[in-house]
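Okay, here we've got a single chain as structure tokens, the form predicted on its own, with questions on binding and movement later.
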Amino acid sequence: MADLRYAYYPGCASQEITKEANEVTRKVAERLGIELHDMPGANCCGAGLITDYNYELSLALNARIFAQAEGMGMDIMTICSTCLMVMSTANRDLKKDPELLRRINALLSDAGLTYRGTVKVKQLLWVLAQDYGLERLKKAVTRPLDRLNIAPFYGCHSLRPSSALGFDDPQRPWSLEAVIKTLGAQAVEYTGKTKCCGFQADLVALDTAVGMTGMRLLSAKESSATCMVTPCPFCHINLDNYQGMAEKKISKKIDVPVFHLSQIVGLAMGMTPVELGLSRHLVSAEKILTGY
């Protein structure tokens, strides 16, 4: 079994907007025996916004994070798919180009940091599916979710670019379905699971983004999903927070509760709705959790 110690990088969104994802991840990890070590000196990854304006600055910001994890002797685990994508892409570029890494380390030297290129970046989903392992996860289940039909929603940044991420096939992913089934639930197959939730368009074309959100939710519901799960906090924001707007946009009632990945794991491990922070969600999961 892999050494289950990680430099924990929750990301900005999961520390402020979707706090329940961060809080429940910590609880679940503790119960599973996964050690999450905070990185108090870590900065924002830049969310991909800086990359187009100043590529080397973006790399330096991420290398600064990697250098801190490297100094801790640990790989990084994040619960934010955007952080996963940004950091994985930066890490790929730094590892494949020694001259680029040298230039970035020259920038880091003023802060007394150096990145040697040894860190891997993972997300909670990958840790559960591979490092912790599905067989071991199944043994931790005390309350099988056998009455739930769960639609997996990967989100763009959990799958692409595959050249930087490399865990799941972006067209035929397996990990989220595998975790759902391990927890005792049915994994719903539907057309929208690998498509965009619309988050990237929220600030520039809200009406279009909300329409995309509605299409993903409706596709899951029409495929018999009782709820949805995503490993991405930004996808959760659109699928949960914007669901009411999406219903108005498509003129159809959706009412599909959306869980963070850590929440369905915690639910299967016997955690209560209060422990799972479900009161922070806009779409209530009360009706589908009656009896759990």
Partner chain sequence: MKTKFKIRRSDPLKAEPYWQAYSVEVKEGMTVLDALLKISEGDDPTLSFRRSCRSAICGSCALTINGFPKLACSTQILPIAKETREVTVEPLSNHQVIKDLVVDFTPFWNKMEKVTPFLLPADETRKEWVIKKEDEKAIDRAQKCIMCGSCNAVCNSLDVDPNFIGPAASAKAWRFVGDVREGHRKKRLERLSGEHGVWDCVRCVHCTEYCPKDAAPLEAIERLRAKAIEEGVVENPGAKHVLSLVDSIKRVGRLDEAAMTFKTLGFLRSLGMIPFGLKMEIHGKLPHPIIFLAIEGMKEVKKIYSAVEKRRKKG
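Residue numbers count along the first chain shown, from 1. Fair warning: this is a prediction, and the values are worked out from it, not measured in the lab.
Note that the form predicted together with its partner chain isn't included here; everything after this is about it.
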- in the predicted complex, segment of 255-263, 25-33, 224-232, 54-62 with a heavy atom within 4.5 Å of its partner chain: 54-62
- Task: Flag residue 196 as yes or no: does it have a non-hydrogen atom within 4.5 angstroms of any non-hydrogen atom of its partner chain in the predicted complex?
- Result: yes
- Please run the contact check for residue 85 against its partner chain in the predicted complex: heavy atoms, 4.5 angstroms, yes or no? yes
- Query: At the 4.5 Å heavy atom threshold, is residue 139 in contact with its partner chain in the predicted complex?
  - Reply: no
- Message: Residue-level contact is defined here as any heavy atom of the residue lying within 4.5 Å of its partner chain in the predicted complex; does residue 103 satisfy this criterion?
- Response: yes
- Message: Taking its partner chain in the predicted complex, would 200, 205 and 216 all count as contacting it (heavy atom within 4.5 Å)?
- Response: yes
- So which residues in 141-175, when you check its partner chain in the predicted complex, have a heavy atom no farther than 4.5 Å from it? 156, 157, 159, 160, 161, 162, 170, 171, 172
